[in-house]
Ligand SMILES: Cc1cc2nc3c(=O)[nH]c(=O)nc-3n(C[C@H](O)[C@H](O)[C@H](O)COP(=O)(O)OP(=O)(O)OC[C@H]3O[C@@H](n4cnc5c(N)ncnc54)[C@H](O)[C@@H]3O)c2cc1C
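What follows is one chain in structure tokens, specifically the form predicted on its own.
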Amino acid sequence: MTPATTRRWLFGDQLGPHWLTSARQPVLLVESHGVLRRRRFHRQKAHLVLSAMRHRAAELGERCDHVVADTYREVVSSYDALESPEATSRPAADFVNGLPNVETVPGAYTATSTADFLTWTGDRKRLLLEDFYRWQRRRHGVLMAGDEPVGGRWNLDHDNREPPPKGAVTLGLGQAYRPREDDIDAAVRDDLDRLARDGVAFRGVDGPRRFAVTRREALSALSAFVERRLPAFGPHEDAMLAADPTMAHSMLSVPLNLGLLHPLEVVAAAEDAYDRGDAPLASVEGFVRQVLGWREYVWGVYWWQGAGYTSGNALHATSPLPRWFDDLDADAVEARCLSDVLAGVRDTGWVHHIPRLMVLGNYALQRGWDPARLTDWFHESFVDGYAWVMAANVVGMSQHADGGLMATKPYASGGAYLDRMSDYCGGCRYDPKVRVGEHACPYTAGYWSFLDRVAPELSGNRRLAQPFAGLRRLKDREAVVEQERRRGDRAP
């Protein structure tokens, strides 16, 4: 086999030019409608993946065999020999490795291979993100001045945790990059309508395509972010404004996770902006930490932990997801923050990382929802959601179901955090300062009820000593717990 003659089978998240070794290499792309039947994906996520694959097939022209089928196997088995880059999920890797006519070759998805991550983990007992992030910066030479970090500090997170500007409705940055749909998108929409009529279940609603699905669009999106939004990214990256769902975020997770961009080129573009004086260090460092630090770290944890990681349930959370949440029924919810974020997922398949963690994940954590099912929900409902993305983000970071491998304490908070970091509490029927009664904030009450429930597992956690002391002093503790028990799975 030679790179010029062996046909390369690419999945729908392996679509950039860096996945090929030759400008002449033949390609196989398979649309499996069986995949759409097995899960209840967001309608706009299905659109993005199919649109991306079809655009790539059109670019490759006669070099590409583009096949629509029910299963991958029925197509792949008709070829004598194929090669395929390392898959980005464990089930896909197991499937590909079991095919006798397919040779697995190195992938091009991240800047950190599984072997690299194993080298870093060594005999560590705790995988601290900060240690990994510094290791990444050093070995890739990103934002470095010799052996030291540019500016003298590795982490400027303290500078990047500001609430939204007082009185602001938006950050004033205008609309994020938006591609134009074309005839391929129209054909995809028609096909998805037909699949829906044939019984394929989707979550969310259809809508205009908001994310890049071609290499050209992805580079335009990257350029637009670096020029218009990166300078403002840092200070308010953890803030939320109801009328500004994108804030200064990059919206690059979709093209990155479709394999249209490589993380190192994204990081290089941000670093170049700092070198030119076009973006402040705090913003650039914060963005680099998300891409070269957190994204690569989550990828490494997924492969390092093994297949059992997603079944972790250290806090014994077993409640099913309520129907209103599973169906993205934002109109059933009165809590302003949760209703708005659910509507964002319903209407676009995307919200940025703080609504995911501190509105959606926080609510689920407080109520003990099954972390495995919640992981599936995030995977299916978000346009940038994949198995490797959501495993550590939900099981570890959001739900603390891995027993503290990724986080030293759960990311649980009451309404006070949401009041400080957003404008949601103004005009909401619930009061973040009230924990019992008609106007009790479901996050404030849920926080204390959560502590009461997990005390057997977490009362020895030093980082929770102060909250548990507060719980013991709570005069209305029993009333709070009983109130949340009665609430059950009703929408707040």
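This is a predicted model, so every value here is computed, not measured. Note that residue numbering follows the sequence shown and begins at 1.
In what follows, reference is made to the form predicted in complex with the named molecule, a form of this protein that is not presented.
Colleague: In terms of non-hydrogen atoms within 4.5 angstroms, which of the given stretches 201-209, 418-426, 159-167, 254-262 touches the named molecule in the model of the complex?
Modeller: Partner-contacting stretch among the options: 254-262.
Colleague: Just to be sure I understand the contacts: of 279, 412, 390, 239, which is the one whose heavy atoms reach within 4.5 angstroms of the named molecule in the model of the complex?
Modeller: Looking at 279, 412, 390, 239 one by one, just 390 meets the 4.5 Å heavy-atom criterion.
Colleague: Quick one: of 95, 324, 117, 378, which gets a non-hydrogen atom within 4.5 angstroms of the named molecule in the model of the complex?
Modeller: So the residue touching the named molecule in the model of the complex, by this definition, is 378.
Colleague: Given that the named molecule is not shown alongside this chain, does residue 270 nevertheless sit within 4.5 Å of it in the model of the complex, heavy atom to heavy atom?
Modeller: No, no contact at 4.5 Å.
Colleague: Do residue 133 and the named molecule share at least one heavy atom pair within 4.5 Å in the model of the complex?
Modeller: Taking the distances in the model of the complex, the answer for residue 133 is no, it never comes within 4.5 Å of the named molecule.
Colleague: Using 4.5 Å between non-hydrogen atoms, is residue 304 touching the named molecule in the model of the complex?
Modeller: Residue-level check for residue 304: no, no contact with the named molecule.
Colleague: Using a 4.5 angstroms cut-off on non-hydrogen atoms, would residue 385 count as touching the named molecule in the model of the complex?
Modeller: Within the cut-off, so yes.
Colleague: Candidate spot 339, 441 and 444, all three in 4.5 Å heavy atom range of the named molecule in the model of the complex?
Modeller: Not one of the three qualifies.
Colleague: Let me know which residues along 333-362 have a heavy atom within 4.5 Å of the named molecule in the model of the complex, or say none if there are none.
Modeller: Contacting residues: 350, 351, 352, 353, 356, 357.
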